[in-house]
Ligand SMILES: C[S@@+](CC[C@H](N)C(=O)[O-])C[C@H]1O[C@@H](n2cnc3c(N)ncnc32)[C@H](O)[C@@H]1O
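Next up: just one chain, as structure tokens, the form predicted alone.
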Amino acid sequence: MISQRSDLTFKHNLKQGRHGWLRLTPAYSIKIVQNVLASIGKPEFVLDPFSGTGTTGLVCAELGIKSDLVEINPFLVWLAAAKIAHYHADELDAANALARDVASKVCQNMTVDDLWIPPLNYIDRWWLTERLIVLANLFDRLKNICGETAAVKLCLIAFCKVVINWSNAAFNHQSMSFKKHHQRFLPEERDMIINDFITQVQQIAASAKLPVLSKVTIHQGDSRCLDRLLSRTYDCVITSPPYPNRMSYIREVRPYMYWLGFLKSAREAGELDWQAIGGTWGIATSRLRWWQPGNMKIPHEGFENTIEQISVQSPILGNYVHKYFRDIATHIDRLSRVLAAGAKIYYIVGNSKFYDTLVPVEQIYMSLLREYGFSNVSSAVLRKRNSKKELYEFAVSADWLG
């Protein structure tokens, strides 16, 4: 029987040094990357075209393997760059000193009107007003520091952790939801939030002491345009694209993006999700209503029937799934143009179910890889994803013979 294997999910990363700096539910476990690298030996240059929080790049850096990452979300590019950076001891000492200084200057009598508050829709769902005031007070002290030094970056990551620790967000859902029971602010919480910030900086600085052993370059851009973004070839690809299950990355990272200035409006969030593969936030969903597939065919037997079955229940969802695989087809085509002969390819993907229609994601990926000239295409089950018996995570692998 195949189990859920939490050690192959983001949960395993939470206590693994830099890998645990910020959680992202769709992120995969460092174990998967480590196992792939152990099975093929030491590649010369690894590519992750859907790098998210930088898991693949950081594992490679820890093992002394060079890698390039591609990610369309500017916040995730910023976060991954911070995770894979080399830090000197004086920079880590400066981060701890900065945290203590910021904490000491938090004022007690400020109100919402005195502080900058991120323009996040329905912000009262996220934080009690009193907690929001403390958080905004901390951020006000941080944002007034000139320049984004290494110490500031580490403090901002710690602030992001505190923002979620003291929010109403609940992670008992596959992505994120909000706690429904009534909460009230306790007088001691102000000091608890400030102390949590100092503690998080200390823990992040401690985990940043371990050196990275190789260079990682992060490119902000679209994985459907790899041949225009990248100027070299790669002998290994390890990646996990967004799954076609409408779990928007934007939804989970929105609070960080608003606080740090990567987003200023809901429309910007929707625009970014529309640019991403699998994006469904805000206007991305409304645009799907008018989307047309054009002449590109997905070379998988039964694909058109799958889309028709979903479209009977929801034409928008039918378009969503169709667009997802059209985008993945474009990506795989462009990927083949930046590979060295003999390259090893690994996609970590999950299947999805819409109403009563199961989408065999791993099989469609295999069909696409064969269509675009890859050899030795295969798939292996990694784990059961959740309580729905049909949903699994797979490793789809292939070779590029050139």
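Model, not experiment: these values are computed from the prediction. The first residue of the shown sequence is 1; numbering continues from there.
Below, we refer to the form predicted together with the ligand, which is not included among the displayed structures.
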Using heavy atoms and a 4.5 Å limit, would one call L76 a contact residue for the ligand in the predicted complex?
-> yes
Could you tell me if L391 has a non-hydrogen atom within 4.5 Å of the ligand in the predicted complex?
-> no
Contact between D222 and the ligand in the predicted complex at 4.5 Å, heavy atoms?
-> yes
Please check if T55 has a heavy atom lying within 4.5 Å of any heavy atom of the ligand in the predicted complex.
-> yes
Proximity to the ligand in the predicted complex (heavy atom, within 4.5 Å), stretch among 352-360, 58-66, 42-50, 365-373 | 42-50
Is the ligand in the predicted complex near all of L24, A27 and I277, within 4.5 Å of a heavy atom of each?
-> yes
Position in contact with the ligand when the complex is considered in the predicted complex, options P118, G282, P241, P244, heavy atoms within 4.5 Å | P241
Residue (of I133, I218, I72, I193) lying close to the ligand in the predicted complex, criterion heavy atoms within 4.5 Å | I72
